[in-house]
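A single chain comes next, written as structure tokens; it is the form predicted alone.
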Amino acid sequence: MTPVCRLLVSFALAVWVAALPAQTRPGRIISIVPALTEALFSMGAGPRVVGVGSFDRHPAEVDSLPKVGGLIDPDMEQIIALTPDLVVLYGSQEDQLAQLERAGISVFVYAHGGLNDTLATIRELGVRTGQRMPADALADRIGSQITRVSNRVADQPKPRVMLVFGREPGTLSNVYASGGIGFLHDMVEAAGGDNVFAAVARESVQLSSESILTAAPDIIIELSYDERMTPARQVAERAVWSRLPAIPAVRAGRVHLLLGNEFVQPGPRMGDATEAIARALHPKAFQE
């Protein structure tokens, strides 16, 4: 869905929800999408969340809520037993969406997109849950933070960046990097980088050593959300890239490992993630 279409849908939903009495708005919400679970709490709908995904970690309040599976293994029996008024699912979960619709349970469908798509989704979710104003404020805050980051690095030379979000630990096998669409690509661009795979019209690109050498990035940003990533393992994983010494990023010692699920779960901390990437790309721009 294009940003314009999203805005039109959001406006239509806002008019519809505003006309409803408060008691008809969802009072029991389940979300198995970590980014939107976090958004629900950030926009003030947290007290109405009665179940979350097995991979939800933020905010801390989710730890005490029932876990109902995730993208691959949603527990539909448990979800229905929790009697939700609204369930937030991934758009690819077609069978589960149909099952909930048959049960008469409303669904909010999540789909990956770019930064602007994510902000529009937060606004739509706010409308759908009766939290329109705080959701708009949240989206505005995130957008403003990203704009401040972009402005801060606007006069810096743009390095060629390869953003890696997956590979086999200890090896350079099954390396996945950001392509030229999606929120990861948008974060690199907003952080003042030039994505080496910007011309690839996909969210992800699987890379061989040869394709990495050909791309010749000036900087490698690798993301990890492995909670077992000790300082010693961080050093070891960065050292793996020394197996390709011809890469400019390796020669210059500009391989950065950034830790945290905020980099791969586009939600309320998306501005923080963009700023962390910008600080790795342009450390001098952030010197006080």
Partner chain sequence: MGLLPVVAGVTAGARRRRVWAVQIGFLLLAVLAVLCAPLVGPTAISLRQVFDPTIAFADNVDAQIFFIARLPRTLAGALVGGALAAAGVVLQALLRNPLATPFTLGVSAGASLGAMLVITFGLPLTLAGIPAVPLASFVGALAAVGVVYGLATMRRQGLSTNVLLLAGVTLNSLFSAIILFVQYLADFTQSFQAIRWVMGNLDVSSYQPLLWALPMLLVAAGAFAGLPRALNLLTLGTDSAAARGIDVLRTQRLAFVSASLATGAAVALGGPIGFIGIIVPHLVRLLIGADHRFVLPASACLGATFLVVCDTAARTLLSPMELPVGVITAMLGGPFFLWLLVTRGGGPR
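Residue numbers count along the first chain shown, from 1. Everything quoted here is computed from the prediction, not taken from an experiment.
The discussion below concerns the form predicted together with its partner chain, not included here.
Peer 1: Would you mind picking the one in A239, A60, A232, A246 that has a heavy atom within 4.5 Å of its partner chain in the model of the complex?
Peer 2: So the residue touching its partner chain in the model of the complex, by this definition, is A246.
Peer 1: Which of I181, L82, L213, A103 has a heavy atom within 4.5 Å of its partner chain in the model of the complex?
Peer 2: Only one listed residue qualifies here, and that residue is L213.
Peer 1: Can you check 130-138, 110-118, 143-151, 69-77 and let me know which stretch has heavy atoms within 4.5 Å of its partner chain in the model of the complex?
Peer 2: In short, 69-77.
Peer 1: Would R251 count as a contact of its partner chain in the model of the complex, using a 4.5 angstroms cut-off between non-hydrogen atoms?
Peer 2: Heavy-atom contact with its partner chain at 4.5 Å: present for R251.
Peer 1: Give a yes/no on whether E168 approaches its partner chain to within 4.5 Å in the model of the complex, heavy atoms considered.
Peer 2: Yes, E168 is a contact residue.
Peer 1: Is it the case that V200, even though its partner is missing from this view, gets within 4.5 Å of its partner chain in the model of the complex, heavy atoms only?
Peer 2: Flag for V200 set to yes.
Peer 1: So, Q206 and its partner chain: in the model of the complex, are they within 4.5 Å at any heavy atom pair?
Peer 2: Flag for Q206 set to yes.
Peer 1: Output the sequence-ordered list of residues from 30-68 with at least one heavy atom within 4.5 Å of its partner chain in the model of the complex.
Peer 2: Only a single residue, F55, comes within 4.5 Å of the partner.
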